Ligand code: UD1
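In the block that follows, a single chain appears as structure tokens, in the form predicted on its own.
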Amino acid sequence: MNRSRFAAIVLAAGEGTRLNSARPKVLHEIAGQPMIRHVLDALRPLDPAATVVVLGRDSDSVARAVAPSQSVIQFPPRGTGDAVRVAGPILGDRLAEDGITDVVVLFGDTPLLRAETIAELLAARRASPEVAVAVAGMRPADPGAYGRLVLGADGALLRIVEARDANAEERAIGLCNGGIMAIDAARAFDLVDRIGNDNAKREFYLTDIVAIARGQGLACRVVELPAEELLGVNTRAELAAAEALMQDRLRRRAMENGATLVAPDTVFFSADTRLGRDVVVEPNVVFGPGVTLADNVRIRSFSHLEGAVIASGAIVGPFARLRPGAVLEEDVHVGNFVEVKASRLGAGAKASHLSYLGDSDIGAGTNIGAGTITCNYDGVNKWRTTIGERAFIGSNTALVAPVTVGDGAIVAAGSVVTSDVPADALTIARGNQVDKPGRAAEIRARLLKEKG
């Protein structure tokens, strides 16, 4: 199968009113990524010759999210058949010029769809030149509001009946419309142009294309595909259910690729999380977008990571937070209640507890004492802190950026460092201790007398 010779139309004009949100439906996230990006990611391995996303009015944010895919506005919203019709002029002469044989129609709110499933649908359409339309079928546990697929005695698809237009016999059918279709490109837009709106909602249903094709003596068939992948998201409950299914998929993938998840159900991934072999993830860890772990990394319990790159042998947590721009080189240790943001920790560096390291470059082998903070923000600008190799930063040190600590330097505990520290220097930046013998007893006696 020449996988590159098809065009994809992704329908994303739905307003998602049942989500009760100001955000367009398809931009609600699953595994840290907008739903529609999951659909486009499923298309990418198949290399479509063209992808057109059909948007609703005031959908600039969706257009930005789907770029560089082309987009077109459907307004007013008049149903799925009209949405496909709107995409026709965008494809225009490309169907013939690029040798496109199929048009695949998908929905932007089906984030669990996989490339393999789309490929299976395409293969079914191409299996016979007589097949004008191949429709994805599924058997959900609750057919509910899904359209029903009416088959002939020979198993051919006769028509699709929307649930609201179905009679009792048709509603009893368990085989439901999965939404996505593969259509013979040479016939696609002629068939779409023939769709009418004689139905309960006065809309142009793409599903009517099957009966129209059959009326012209063309063959239509059903490809039964996993219901899990075809389920759309229309409510917050369905959004949560899709998230759970996606997380289960991502956990299985991580373990198949050689990671150990001590308590898989408590670990949450983003779609782009990358784990090396022999990674160990302890319970209650959250991976936000943009995290990459090399081999032999351990993430301890209750840690939150986002936008971080972690090299082999590193240990993170428990209760650590890595924010975007955190880079941990080989064998770095970041311990409990340490936050790292836009900072690089060199090989073997350690920050074991209770520290904030923001906008910093920390050299190999350096030890960061408990309670150390880099004071990176002056209320207007962010500034960087640079710490050399094999330095020792004592507990409760404040490094007021911009500041540099040289290789091998020692900064005494409790220091507030406002100037550069030379290499191999001992820096003490705190007030001198003053002891006044006997004064503590005098103070207590006075306080007790005042208390009466």
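These figures come from a predicted structure and were not determined experimentally. Start at 1 and count along the sequence shown; that's the residue number.
Although it is not shown, the form predicted together with the ligand is what the next lines describe.
Not one of H304, R323 and V332 comes within 4.5 Å of the ligand in the model of the complex, counting any heavy atom. With the partner omitted here, the stretch from 172 to 180, 252 to 260, 349 to 357, 221 to 229 that lies within 4.5 Å of the ligand by heavy atoms in the model of the complex is 172 to 180. With the partner omitted here, the residue from L239, M246, A83, I212 that has a non-hydrogen atom within 4.5 angstroms of the ligand in the model of the complex is A83. Of the residues S71, T207, T273, N376, just one reaches the ligand in the model of the complex with a heavy atom at 4.5 Å or closer; this is T207. Mapping the unseen interface onto this chain, Y146 counts among the residues with a heavy atom inside 4.5 Å of the ligand in the model of the complex. The closest heavy atom approach of P24 to the ligand in the model of the complex falls outside 4.5 Å.
Although the partner is absent here, D109 is a contact residue: one of its heavy atoms lies within 4.5 angstroms of the ligand in the model of the complex. Though the partner is left out of this view, P129 does not reach within 4.5 Å of the ligand in the model of the complex, counting heavy atoms only. Residues L11, A12, A13, G14, R18, K25 are the ones in 7 to 25 with at least one heavy atom within 4.5 Å of the ligand in the model of the complex, listed in sequence order.
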